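In the block that follows, a single chain appears as C-alpha cells, in the form predicted on its own.
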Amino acid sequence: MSNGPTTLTLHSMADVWDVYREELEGVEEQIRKNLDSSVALVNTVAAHILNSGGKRVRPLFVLLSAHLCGYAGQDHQALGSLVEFIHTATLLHDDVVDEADLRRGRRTASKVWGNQISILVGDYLYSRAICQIVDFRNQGINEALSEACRKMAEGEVLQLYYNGNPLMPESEYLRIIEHKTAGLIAASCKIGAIVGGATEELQEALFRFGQRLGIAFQLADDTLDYTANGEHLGKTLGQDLRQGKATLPLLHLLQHCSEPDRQLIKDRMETRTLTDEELRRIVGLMQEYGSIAYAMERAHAFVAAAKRDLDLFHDNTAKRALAIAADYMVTRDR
C-alpha cells in the first residue's frame, strides 16, 4: 500500500484503522519478531503489556507520516514497532513510579512480577529498540528518537519534583507533558517524514504536528481521569489526584474554588487519600467552575494548531487520515 487510493474518503477513525490495517499487522509481526530474548521471562513480561490492547497510535503516526511524504517501502513498519517498544518501556517504568494497579483494565506487570522485573524489562525494551534503530544507519532517525528518550526521562523527573505540589504553574504542567507524552509522538511523525525523504521544512512541520497533538492527547487523558467510565478507561478514576498529581483540570479548579475546597484538595494531594464521595464532590466542583471545559478547550486548541501544520502538504489519503487521527485524540473515551 502506498498512501491509499487518493480518491478514498475517510470519515472516522474506524475508517483509518481499516485502510491501514494491513500495514499495522506488519507492525505487529515486527513486534513479535523483535521480542526474542533468550530469557523467557523477559518475553513473557513484555508480551503481557504489549498484548494488553494498546491502540498502536504512535506506530500509526509513523506509517501515516511516511505515506504523507510519498514513502512506498516497508521500513516504516519496522520503525513503528521500535517506537512501540520505547513507548511500552515507558509504561512499565511509569507503573512502577506511580504504584499503579491497573493498565488497560489488566493488572500491571509490576503487580504481577514486582517492580524490579518491570524496570529491567523496560530497560530491555529500550535497549532492544535502540540496537535495532542503529541498524538503519540514519543519523536523523537516531537523533529524533534519542532526543525523545531524553525528554521523556526529564519529564518524568520533573513530574516527580512537582508531585504533591498544588501550586505548580500551568506552564510547568505543559512542559511536563510536552516532554513525557508529546516527545515520542513528535518523533514518530518526524521519523516517518525522514524515511519518506521529506525536506527539513516538512520534517519540522510533522514534528510540530506530533508535538501539539501529543500535548492535546495528554490534556484529554488527564481530563478523562475525572470524567470517563472507569471500566472503559481501564483504570480507577481520580488516580492522578490519589497519586498527588496536579493536572490541568485540577490546577484550574484550585485557582477558582473556595478556600475550604482548596484546602481539601491540598490535603488529599499530600495524604494520597481520596474517597469516592470526595472524588464526586471534586468532579462536581470542576463542572461548576468550568475546569473540565477549560482543559478540553485547551486540548482542542492544540489540535487545531496541529492540523494547520499539515497545510504544507498536498491533499491525499494520508493527510486526511492524520486530520481524523488528530480529532480522535481528544474525542476518545478511553
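Start at 1 with the first residue shown and count on from there. Just so it is clear, the model here is predicted, and its values are computed rather than measured.
A second form of this protein, the form predicted together with another copy of the chain, is not displayed here; the remarks below concern that form.
In the model of the complex, another copy of the chain sits within 4.5 Å of a heavy atom belonging to residue 135. By the criterion of a heavy atom within 4.5 Å, residue 156 is counted among the residues contacting another copy of the chain in the model of the complex. Taking the partner from the other structure, another copy of the chain in the model of the complex has a heavy atom within 4.5 Å of a heavy atom of residue 121. When another copy of the chain is considered in the model of the complex, residue 207 lies well away from it, no heavy atom lying within 4.5 Å. The candidate site formed by 97, 117 and 127 is fully in contact with another copy of the chain in the model of the complex, as each residue has a non-hydrogen atom within 4.5 angstroms of it. Contact annotation: another copy of the chain lies within 4.5 Å of heavy atoms from the stretch 39-47 in the model of the complex, the single such stretch among 54-62, 39-47, 296-304, 276-284. The single contact residue among 167, 131, 72, 112, judged by any heavy atom lying within 4.5 Å of another copy of the chain in the model of the complex, is 131. The single contact residue among 146, 255, 236, 263, judged by any heavy atom lying within 4.5 Å of another copy of the chain in the model of the complex, is 146.
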